[in-house]
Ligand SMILES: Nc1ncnc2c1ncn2[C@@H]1O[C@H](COP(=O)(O)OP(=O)(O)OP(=O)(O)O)[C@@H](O)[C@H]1O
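The data below hold one chain only, encoded as structure tokens and taken in the form predicted on its own.
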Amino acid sequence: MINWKELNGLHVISKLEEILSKWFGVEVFYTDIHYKIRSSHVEKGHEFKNHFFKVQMEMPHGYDFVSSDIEKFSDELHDSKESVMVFDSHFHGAKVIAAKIEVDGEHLGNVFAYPFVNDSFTEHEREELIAQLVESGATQTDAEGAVSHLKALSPHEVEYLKELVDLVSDEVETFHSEISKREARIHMLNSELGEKFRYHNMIGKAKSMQKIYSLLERISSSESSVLIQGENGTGKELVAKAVHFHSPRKDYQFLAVNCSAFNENLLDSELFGHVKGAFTGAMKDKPGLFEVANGGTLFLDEIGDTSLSMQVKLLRVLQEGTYLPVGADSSRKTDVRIVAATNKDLKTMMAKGEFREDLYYRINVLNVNLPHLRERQEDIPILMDHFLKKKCDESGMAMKQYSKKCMEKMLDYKWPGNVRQLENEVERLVVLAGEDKTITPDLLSPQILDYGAPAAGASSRGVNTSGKLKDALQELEVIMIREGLKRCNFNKSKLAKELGVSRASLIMKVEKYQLDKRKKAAGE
């Protein structure tokens, strides 16, 4: 469909409308295929270029006359092989030119240029037209003024006007085609973005993340409660925001609260609010998050840390949509979608009586289980690059790069703190690197730098134990990879799992030690 709103502000079309008004005295307006005027002529306060059209639209049934003409002319034009035609309007002698708007053979609407009269327009016809306007509701003065402003066009001028109206139609068609191309381009870029593994502010190409994205697409439009489970640092709040901002509630508030950050009394006041005098220091009424987020989404992080009495209050909100502010006598209503999150095993807590079973099933209508970063190692390089660009941009620094060894170390590490730990490490590296363009491994945190080094007392059989430690470690690495390649029939994915490193890191090491040639790896 044509984007009519953007069309109204298009410079080329505005200039053509101006020319048509100045040279021929006509008003240009647009209609869609359903006969609806899609320009601003039906809006209050529109400044008409043609006085006749203005007087007509101000008459009690002026719009009805225009609508009748539009329907009649649109149908005739649709059935005609001509792209532009001249018609007689409802008012005797007043002419209309209409041109089709066609894209790929589909009739999407029309351009109208209205009104004018032929240069053969007689004084008798002029008086008849004035009388018709008066009969239709115009004052005598307005009717005379309207008719006096009509331009009388010769056959040659009418043909020229037809060409220009057709040109306007062509510009609309071109505009629509360009918009379609732009939308296709946006769609393509979105697809590319999808290929770059993004959803809202989440990033990941691992199959586990792609499943999460697909699930979020399906559940965002529902009104059901969502429970997000996963370790700290896996991005539970990002998921909650994605659910909200892809839902019908996106124009309302998204609020988040960490339930473990408050004691029970403070959390009660934070969620449900309190009235003046409810407790010492309650100097005035305070709205709670359930009131502020009304119509939107409330994200309850670490819901597993709430007390049993608080769980009862949350259950009431979910079941009845009502809550009681601290110190209040009567309950209040709210319409909030709950998205909850926890890193705890709620089923185990239920078995121990630490979490209410009825609340669990209320919040766990839709479940999102986030994978650990160590389970999606192929996402680490993408996240590393994303955070590096983000931190460099925020700091106003030129884009940096990781050294090969630094990247190897980061790919090998298991990231117990998940994505949050990775982001913090990259931020730290950007700061420590200063003006240096390359981030070297010596800047890494000790736990990452030393990760994977042989433990004290480990067997060194088969490895040269004399000389430098660095050379011995490298020799051991070469042996393990070379033998592993033979054992796994050169299946790098399988070997990466065996060695406990990412596939990307293994490929870098294979290239580094030139072990990719099978004959060489086999010792031939």
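As the structure is a prediction and not an experimental result, all values here were calculated from the model. The first residue of the shown sequence is 1; numbering continues from there.
One more form of this protein should be noted, the form predicted together with this ligand, which is absent from this view; the next part is about it.
The stretch from 326-334, 376-384, 103-111, 304-312 that comes within 4.5 Å of this ligand in the model of the complex, counting heavy atoms only, is 376-384. Contact annotation: K236 falls within 4.5 Å of this ligand in the model of the complex, judged by heavy atom distances. For the chain shown alone, R420 is a contact residue for this ligand in the model of the complex, at least one non-hydrogen atom being within 4.5 angstroms. With a 4.5 Å cutoff on heavy atoms, L443 does not count as touching this ligand in the model of the complex; it lies far away. In the model of the complex, E231 approaches this ligand with a heavy atom inside 4.5 Å.
Of the candidates I203, C406, I212, L267, I203 is the one whose heavy atoms come within 4.5 Å of this ligand in the model of the complex; the others do not.
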